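What follows is a single chain, given as structure tokens, in the form predicted alone.
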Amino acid sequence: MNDMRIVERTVDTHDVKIDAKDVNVHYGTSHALKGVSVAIPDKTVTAFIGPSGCGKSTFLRCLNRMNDTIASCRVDGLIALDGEDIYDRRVDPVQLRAKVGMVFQKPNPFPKSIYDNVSYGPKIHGLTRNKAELDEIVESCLKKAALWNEVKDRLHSPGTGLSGGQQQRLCIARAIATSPEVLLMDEPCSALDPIATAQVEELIDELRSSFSVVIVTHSMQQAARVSQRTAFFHLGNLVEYGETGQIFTSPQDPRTESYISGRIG
């Protein structure tokens, strides 16, 4: 398959953070994802692109077992994080989600204060010993999310009182507060205005120095701006995967070329 040859040629196996092999997803009788194999590197932004309903968000949700919450969903194949099968029965999905954080399409801060939104994860996972350590995590994560200067004087105000772009950055701060290794983002800018989108994109670029970032986006321009690697999905298949520049300028598969040029999608 083209996509497997491209993966093997351009990803050093030592740098692979998530390795998926022959992943199939069924929702009842519907075969939503068909034999997807992909190696996602560490400290890189990987973008999943493709038409609506092509399987990109379904695959993203496999990476932290969010599909476990859907009764009719069945996931087959292997997905390994640092060489360990995340679907092994001994793996606790709650602990997995502390390692693989997620930011959703619509900003969804908890109906709590800005401080409590960020401190919630470290508290429930027992990551701090005292209030001073918790304060440090909250400040550090809000700084990493480029939000600290805007909210430092109102940490005990409701997170829901922030603007849409600020709420999304708060959700990013909340996601990184458990010190994850991977950050999944499902169309994180689709509900935001252009200025807030630019701020979040800038933030994504900064976060890749600390995390493996995987983003689903409906915007090819966004994928081109923020990612180093791009995977193109179509009708439940991973059609092509490689360096972003190569995917956009010299795709190997005619379906990729048709999507990028606007003929399908």
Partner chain sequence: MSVLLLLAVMAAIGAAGYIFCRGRVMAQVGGNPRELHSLPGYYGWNGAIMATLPALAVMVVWLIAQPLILESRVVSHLPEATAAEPAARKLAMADIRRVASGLDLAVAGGAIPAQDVATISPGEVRARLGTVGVALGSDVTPETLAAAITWRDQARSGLIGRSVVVILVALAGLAYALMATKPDFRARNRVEKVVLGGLIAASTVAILTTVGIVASMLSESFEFFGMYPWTEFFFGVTWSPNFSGGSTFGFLPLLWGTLYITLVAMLVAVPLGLFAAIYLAEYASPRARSVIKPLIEVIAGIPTVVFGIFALITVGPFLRDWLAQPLGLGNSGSSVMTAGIVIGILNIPYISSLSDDIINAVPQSLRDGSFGLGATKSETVRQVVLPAALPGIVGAGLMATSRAIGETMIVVMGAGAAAKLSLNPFEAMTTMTVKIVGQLTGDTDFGSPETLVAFALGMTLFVITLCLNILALYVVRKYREQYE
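Positions refer to the first chain, counted from 1. Here the structure is a predicted model, which means the values were calculated and not measured.
The form predicted together with the partner chain is left out here; the points below concern that form.
- Contact with the partner chain in the predicted bound form, judged by any heavy atom within 4.5 Å, is made by just one of Val151, Val75, Leu127, Ala146: Leu127.
- Taking the partner from elsewhere, Ser163 is found to have every heavy atom lying beyond 4.5 Å of the partner chain in the predicted bound form.
- Using a 4.5 Å cutoff between non-hydrogen atoms, Lys131 does not count as a contact of the partner chain in the predicted bound form.
- Using a 4.5 Å cut-off on any heavy atom, none of the residues of 207-231 reaches the partner chain in the predicted bound form.
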